[in-house]
Every structure is written in structure tokens, then in C-alpha cells.
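Only one chain comes next, encoded as C-alpha cells, the form predicted alone.
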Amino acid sequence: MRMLVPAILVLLSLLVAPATGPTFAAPARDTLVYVADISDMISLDPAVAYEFSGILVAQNAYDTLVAFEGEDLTTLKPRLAQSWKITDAGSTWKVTFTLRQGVKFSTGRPLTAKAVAFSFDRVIGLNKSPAFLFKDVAGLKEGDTKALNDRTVEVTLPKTASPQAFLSVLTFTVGAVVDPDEAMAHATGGDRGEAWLRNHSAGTGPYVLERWDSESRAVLAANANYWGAKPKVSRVVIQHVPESSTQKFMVESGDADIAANLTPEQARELTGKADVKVQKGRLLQLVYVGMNAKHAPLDKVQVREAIRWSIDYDGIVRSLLRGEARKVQTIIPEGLFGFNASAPFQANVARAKALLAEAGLPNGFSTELLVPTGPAPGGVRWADVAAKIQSDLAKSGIKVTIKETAQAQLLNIYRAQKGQLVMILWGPDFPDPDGNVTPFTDYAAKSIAWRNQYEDATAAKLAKQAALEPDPAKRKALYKELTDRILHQGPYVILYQPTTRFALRKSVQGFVWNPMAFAEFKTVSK
């Protein structure tokens, strides 16, 4: 059990480091203190990190070839690659990158195409948690990334992979470029430097990892060899403070600059405070109800549509969640390429009853709703959202029995295709629409469509076609057609897309939360 650390002791720990490490001597205006629960931090190696806190650090110590900046996950921007092109090579795709000139690693060594090839092969060879993004999503093998010369990288993808999805994957930490000489200089037992890079860095990013004290803090210092604009703060302290109440107090007292894990109620309590501001951050999660498409009467399209027309979505978002979410009804979340803003459903009991009568159920029917125990995204309990849905459906003649189940047990039932109605959430593993579309539409992928026993050959074909389409305009049109189809024929009730909130000292400027769950500290000033 962790003890509650008084704020003054946390502050002193930031100012006076243990004798075994460097002291935090920078003036307060040059140090940003970010408090969060970082107990999930297990490695800072970008080929290994797949937890939120590790990704937060790695995204600031390493660069990728391309990037999504700020909240925009629809427009690829150059980063280490100044340009790129996709070529149809017949039996394969070729994705060719031209590297930016004059970039150095934090070690002082120059960035080369060979370093990119080493980094990509290293991810595949280590085969840790994020490796599936290269191996399964992109279909890459070691050797598929080649240095054509010092500044040109060519990646060969199979025709079964989406080149656009691959580019999106490259914005994630798995696409970070590591200094191969530094990694191999610290390699032990063929680990390609993994043990050393767990708590050191060797990237081209705006910061270097100065130290990581497990379950205490990670400290980033400005990279003197950074190729871009100098970070506005020279040091970032990511402090482990698991209790959100302590985080709130530290921001109020000035002991921290940013708090990451406040509850909606705590955020509301800070609204209007003289020295503190509250800022929203986007998330890519969708909270939804899955309907088993082979469980009568949910196997009828009219019944599923009746359920969608029974629910008071605005009431859920405005009253129950108190604005801590957005009404989204399609399967690609707002913020991703291909988002369809269509949201036709609202509580319409007459329309729902007419659809039930058309399905031969004029008196309604009874069903069971599985919901997880504990809190749901947006600051309410899953049971509270379920009770609202139960009440809404009852008005249309649909009698719902709520069954609360621990999430692990619920997922076992859901994955075995044995749920009737199941309320749960989903978030994509990478910032591309295919991270949602294939799971929601392709039964053969054995993900969400599988769990809901939804087999639609037309939808699955459209999903594959959209994933592989290299032309953005054509790809967008395909996703519009597909999401419209699933909106009315699929087995889903998309309820809402939650947001998150941060507390900041009013002096903090330039903090932007990327919906893939990290922030780039180089833009932050105070």
C-alpha cells in the first residue's frame, strides 16, 4: 500500500535529490512539474513501452519519421522525414522516406537511414508488446526496411497491409528512431541494448532522460543536440503522485504545474480558482452497447434500430456525465481520419415502438445487459449509465435486467459470444481509422464484430478496401459509406466519447494533450 505523501515533502523531494543523483538546480521557471499516477511505467525503451506513462516519456525523448501534432490526428506532418511517398510496386507497396538534413542524436552522432532500418528491425526482433503494430498491422519482417543511401529509407509492405495505417503507426513510439551505435554499445546477451534503454535514452527528441526512479519520478532534461526549436522549459519532472486529491492540492498550492488524474468533480472544484485553470483533453475511447446479432430478437435489424431510437443520448452526456463527453454515434471516434459526425438517434419512443411492431414484437421483449463494475469513463459508474439505459428502453417496452460483472469476467463472456447486450468501451491501438473499423466490422478478425456475432460480408469488404486505399479522398469516401452502413445495420449503440481534464497553473501555456494519450512538453512554457 502506498502512503499519502504530504505536498511539502513532494516539493522538497523535487528540490533536493538523493546523494546518488543530480540535484534539481534549475530555476522554477525552467522546470515543469507534472504530477500523475505513473505506477504503470515499466520501460522507457520505445520498442518495449506500451503503457501510458512510458509512452509519455518516450514521445518526448525520441522522434518518429512522421507525426500527428497536438490534437490533430488527421494530418500527417514531417518530423525526421522531410518527405515521403507511397508507390504501388505490383506485388508490394513501397513507402520511401527522405530524411531531414542535419539531425543528430542526443549522443552527437548523425541520423542516418541505417539507424531507421536498425530501429524498425529492432522492434520486430525484440518482439515486445508494441511489435504487433509492425508485424501484424503492417506485415513487416526484419529486413523489409532498407537504407538506399544515407538519407533515403525504403520500407516494403505486403499488399495485405494498409500503407496509410502504417504511416499512422509510425507516429507512435514504436516508430521511434534509436541511435544504433549507442544501443549496441550497451547490448548484453543479444538484447540490442534493451536492458540499458529501459532507463536511458538515445534518441533525437527535444529531451533526454536524465533519470528514472521507479515509482517516484522520471526527469527529462533539454537535449543540447536537438535539431528543432529549443524546448521552452529545460527540465520536466514527471512525479508519481497516485492520489488525485494530492495532485489537486499540489496544483492549488503551486507545488505542481500540471495534474493529470483529477476526477470530474475535483476539476469542477478548481473552476474559478485565481491561480489555476482546467483544460479538457480528447480521448479516442468509445463507450458503447454491443448487441448479439444472433440472439433473438436482437438478430432483427428493426429491433436493434428500435433500441438505438429509445435512448436519450443528450441526457446521458449533459445530465449524467455533466458534459464530460461528446455525443458520437459512429464507430470512428472524433479526431481520427474518417470520422463521420452523423448522429441521427435521439429518444423517440413512438418510432422505437413502430420498429418493434414491424419486427413482430408490439409488446416489446426482455433482455439482459452486462455492465462492468466500478467507474466508467466520464466520471460516473457503469451501473449509473446502465440504469439510465434501462429506464429509457422501458419506455419503448424493452425490459432490461442489469447484471454487474467484474470487467475480466464480462470480457470472458463477451469474447465467448454469450452476451445479449454488453456495455463496454473500446479505444484504438494506433491512430488510424482501421484501428476501429476492422474490429467493429470484420467477423474474421475475431474482435468486436466476432463478440457480437455480426457477419456482414459487405461491411468487411468495405473495411479492407478502405484500409488499403492510398488516396486520402477516396479513402475518406469509403469510410463514410461504411460508417453510415454500420450506424443503421450494425449491432452497436455508440453512447458517447469521453473527455479528460487537466488542472494547470495559470502561468502554464502551450500544453496540448494528444488523444493518443501523451503531450509534447517542448511546446509548454510557464
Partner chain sequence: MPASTPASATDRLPLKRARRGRGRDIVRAARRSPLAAAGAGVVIVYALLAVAAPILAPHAPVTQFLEHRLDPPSRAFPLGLDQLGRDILSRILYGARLSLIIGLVVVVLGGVVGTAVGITAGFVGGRLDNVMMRITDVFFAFPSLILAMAIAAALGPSLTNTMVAIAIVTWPVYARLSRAQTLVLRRLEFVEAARAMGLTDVRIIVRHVLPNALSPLIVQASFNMGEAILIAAGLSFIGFGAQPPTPEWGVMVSEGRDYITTQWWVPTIPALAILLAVTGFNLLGDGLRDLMDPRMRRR
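Residue numbers count along the first chain shown, from 1. Computed from a predicted model, the values in this text were never measured in an experiment.
Below: the form predicted together with the partner chain, not depicted.
The partner chain in the predicted bound form is not approached by Q302, whose heavy atoms all lie more than 4.5 angstroms from it. In the predicted bound form, the partner chain sits beyond 4.5 Å of every heavy atom of A293. When contacts are judged by a 4.5 Å heavy atom cut-off, Q417 does not count as touching the partner chain in the predicted bound form. When the partner chain is considered in the predicted bound form, T156 lies well away from it, no heavy atom lying within 4.5 Å. For the candidate spot formed by G315, V380 and Q390, every residue has a non-hydrogen atom within 4.5 angstroms of the partner chain in the predicted bound form. E269 is the sole member of D275, E142, E269, E358 with a non-hydrogen atom within 4.5 Å of the partner chain in the predicted bound form. Put simply, of Q329, Q164, T112, S244 only one has a heavy atom within 4.5 Å of the partner chain in the predicted bound form, and it is S244.
Figure note: of the listed segments 332-340, 402-410, 452-460, 303-311, the one touching the partner chain in the predicted bound form, with heavy atoms no more than 4.5 Å away, is 402-410.
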